[in-house]
Every structure is written in C-alpha cells, then in structure tokens.
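One chain is shown next in structure tokens, namely the form predicted alone.
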C-alpha cells in the first residue's frame, strides 16, 4: 500500500540520537552520544521499598485512573520545592504533572501555537523540542548562541522580522547541546525583549539541579512578574529518566488549557511513578541525593575536559560547562563534520553531529556534542584519544 503521511510528518526525520543508539551494541563501543543519566544516580532500593508499600497500602490509587493535573501530594511537594530552591511560584501560578519534560515542551507549543506560527529557539537546541515543534506545524527560527547565552542583537532582529512568533524556547542553564549557561544580565535583557515584543518564554530546565561549579543564576520564571514564562522541569536527570515524571509551572490560565491538551494525549501521567516520586520527596533527602550526582558529574566532566586539553589539537574548540551532562566541540573550517563522525563510528566511538540540533535541518555545522554522564572513566579517556587522533589527521589533510 502507498501510505500518504500527513504534511506535518512527511518531512519529519527520526532523532539522530535515537538512530545512533541502534549502533551501540557492538562490543567495545564507546558512546558519547547519549543524554542518559548515569545509573548510579538511580535510588533503586528506595524506589523498590516505596513501590512495595504502595502496592501493600494503596494499590487502587496506583492502578486506577488519576486526575489529569497530577497526583495531589506530588503537586504540592513540587510546588513547595520550586519556591524553596528556585523562588518560583506566584499567586496566580499553577502546576501540572506531565509525562517527562518532553511532553511539557510539546503541550506548551500545542496550546500556544497555531499552524504556521513561529517558535524562536537557540541555535543549536534540543532535538526533541525541535521535532515536537515541527510535528505540530510550527515554524522554527534559530537564534545563534554566544558563550554567555543567546545573542541579543540576533534575537531582537528575529522578533522584529517574525510577527507570528509566539514562543521563545530556551534552555538557559547547561544548555543542550552546548553546555553553556545564560548570564543573569542576558536573562534580564531577554525578559525585557519578551515584554517589548509580547512573546512567551518556554524555559526548559532539566539540568538546573546539576551544577557542580560556579554560582547559581536565577531562572527566568523566578524573575517573571507578568505570567510570561512557562517553566518546564523534570525528575529525569535526578531520580529516573524511565519514570517519565516532569512538570509545568505557569499562569493558571495557561495550565488550564494544558490540562485539556493532556487529556487528549494520555489522560494523565503514570500514577504509580507519581506516587513513588512523592514518597521520595517526602521521606528522603533529595538535596543530599542531588549532591552525590553533582560530585559524580564533576569528576566525569573534569576527566573529559582534562583529556580534551591533553590530546585534542588546539584547532578544535570546546565549551567548559559548570554543570549538566554535555559539552560542545567545534572543528575548524575545512574539516568535514560528516566524515569526522563517520570515521569515529568506524572506530566504535559515537558522537552526535551538530546538524542534529539546528533549527534548519539543512544548515551545515562544524560542531558535535559529547556526553560525559554515561561513559566509564576509562571510556572517556580512550574515546577522547581516538577522536583527537582523527581530528589531527583530518586537520593535517585539510
């Protein structure tokens, strides 16, 4: 049969990262391509205990339909933590539990953007968000990044040139894929531009808890006095990615429409994992748990940066993140990225090419993303040595 796919999906390509996963079964392969949290960060014993208690004492609540807004105790606990840790939460804000941060991103666009409306985004940006926006018929306009966040001049020009812009999607803290953090000065300026041009900000903050050096920077949402920021958070990087527990915090009117949109998609987020998450927040020391993850990633990031400093040719630049799980490498002009990625794969070292993260899928890139949360220490050093050898050879021939 000749299938005729919808206009929204006919040009939509699969995630390059998920496609790379299919090649990782080769013995001895080293993956810098994943965005997964390290399994050492999973509190398995506590989750097993909580699951046993729930099935013993509250099996119906865990297995029956739940309300779309989310499990009440979990919503209260998250609301309290947002206020305590991030100073987020105005009197006219509300919160909904979503199926991972990915759904929060998709629902925000679905509620706010019509067919042909424009989402402004950092360029490069998170491929899962870009594909979500594309799947809904929104158009993307990429704004380049500086070392301290989105380029303000380019952002204002994009706002002037794009009357149908409805959302600015940003990952201001330990950005995916670049690993950089937007400065406080730029955050204030971006809020000012959002007000001037009357646009909403979708602030995606899955890595904010993972700072292992430097000082915290206030979130956009904590500085929002107009209900202009939709804040998207997640437990994927601090408890379990497989639980798929995320949340949106925004003005009550926005959340009310998001509830309707979620009812259409999946009715509600998994009740059992919501209950497990609530028990963990109420009975365990989440801050101490996060401190352990930060220390783990501090060591791994330091090891990768040290290996890059020692082995990578000086013509290759890279970011130095203060948290999160990614850094961003850029090859010099004249060195073809596609060939570099292919040669790395031939040696069983896998990276994600920068072309996977561009707003325009046809835009060229000289960059690639590295992940340090998943590889072992030995894999980090060995893999960087291999990448460095390939880079040196290709630079010499360029």
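Numbering follows the first chain given and starts at 1. Remember, predicted model here, so these are calculated numbers, not experimental data.
Missing here is the form predicted together with a further copy of the same chain; even so, the following discussion is about that form.
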>> How about residue 26 - does it come within 4.5 Å of a further copy of the same chain in the predicted bound form, if we only consider non-hydrogen atoms?
In response: no
>> So in the predicted bound form, is a further copy of the same chain close enough to residue 294 to count as touching (4.5 Å, heavy atoms)?
In response: no
> Going by a heavy atom distance of 4.5 Å, is residue 306 a contact of a further copy of the same chain in the predicted bound form?
Replying inline: no
> Do residue 36 and a further copy of the same chain share at least one heavy atom pair within 4.5 Å in the predicted bound form?
Replying inline: yes
> Picking from 312-320, 181-189, 194-202, 140-148, which part of the chain touches a further copy of the same chain in the predicted bound form when contact means heavy atoms within 4.5 Å?
Replying inline: 194-202
> Which one of 162, 241, 79, 222 is close to a further copy of the same chain in the predicted bound form, taking close to mean a heavy atom within 4.5 Å?
Replying inline: 241
> Taking heavy atoms and a 4.5 Å limit, what residues of 131-162 are near a further copy of the same chain in the predicted bound form?
Replying inline: 131, 132, 135, 136
